[in-house]
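Below, in structure tokens: the form predicted alone, a single chain.
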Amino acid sequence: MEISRDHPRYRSLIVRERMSELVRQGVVAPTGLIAHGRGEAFDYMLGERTTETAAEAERAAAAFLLEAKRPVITINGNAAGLCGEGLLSLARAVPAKVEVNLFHRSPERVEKVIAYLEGLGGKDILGREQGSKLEGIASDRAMCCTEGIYSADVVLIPLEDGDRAAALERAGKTVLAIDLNPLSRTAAGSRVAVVDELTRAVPNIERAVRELRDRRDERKRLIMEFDNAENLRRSREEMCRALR
């Protein structure tokens, strides 16, 4: 499909076309397109911009990643399709392990997502062998890698579901979410919820990682002062202001 760069929704249409193609390739699940559309609707309400509240959450997330002993970034099909290269770059910057974990899981699809990320330059990506299990999840998403999510102290979960976020929290993990819906169970149950679009949030977090690497006192302050409930309240208010 030929899309003019002059189209007011050019970027959005390009992303939709790429996601549709990745459905055909088996990287993105068909239902992932529904989730993507829902996220776009919330982004409209943000004015398709990174708010001051989101920027503060992104710096807090960077601080948690840098303070972690065993940080892991988990990637599903939508996250791979939307921002695979950015997430891999962030993982290298921290550094953090990367684990593929899918709701619509099959060995074939896991292989396709990992191969897609490897094509973007990813190395040592976990997810093929999952020998451990998180309690409290009925689906296959309970399974995870022993040397990855199961052993992690801090887990970044872009575009994840509430059940898994809650299970990670119960397992003693510090959960960092990227979720455009400030009303979701994922956002509410996380230690830090970044209410921002993934392709804006991930580079912002990486920039903050680089800025905070040698500023341990500032990292500690960001972690101590961050209040996720207040962050979500402000995010909802910013959406309401944009709508008005």
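Residue numbers run from 1 along the displayed sequence. From a predicted model like this one, the values you see are computed outputs, not experimental measurements.
Keep in mind that the form predicted in complex with a further copy of the same chain is not shown, yet the notes after this line are about it.
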Q) Does a further copy of the same chain come within 4.5 Å of any heavy atom of residue 104 in the predicted complex? A) yes
Q.
Contact with a further copy of the same chain in the predicted complex for residue 45, defined as at least one heavy atom pair within 4.5 Å: yes or no?
A. yes
Q. Can you check whether residue 38 is within 4.5 Å of a further copy of the same chain in the predicted complex, heavy atom basis?
A. yes
Q. Within a 4.5 Å heavy atom cut-off, is residue 25 in contact with a further copy of the same chain in the predicted complex?
A. no
Q: May I ask whether 67, 91 and 224 each come within 4.5 Å of a further copy of the same chain in the predicted complex, counting any non-hydrogen atom?
A: no
Q) Thinking of a further copy of the same chain in the predicted complex, which stretch from 68-76, 151-159, 135-143, 118-126 has heavy atoms inside 4.5 Å of it? A) 135-143
Q: Select from 230-244 the residues with a non-hydrogen atom within 4.5 Å of a further copy of the same chain in the predicted complex and write them out in sequence order.
A: 236, 237, 239, 240, 242, 243, 244
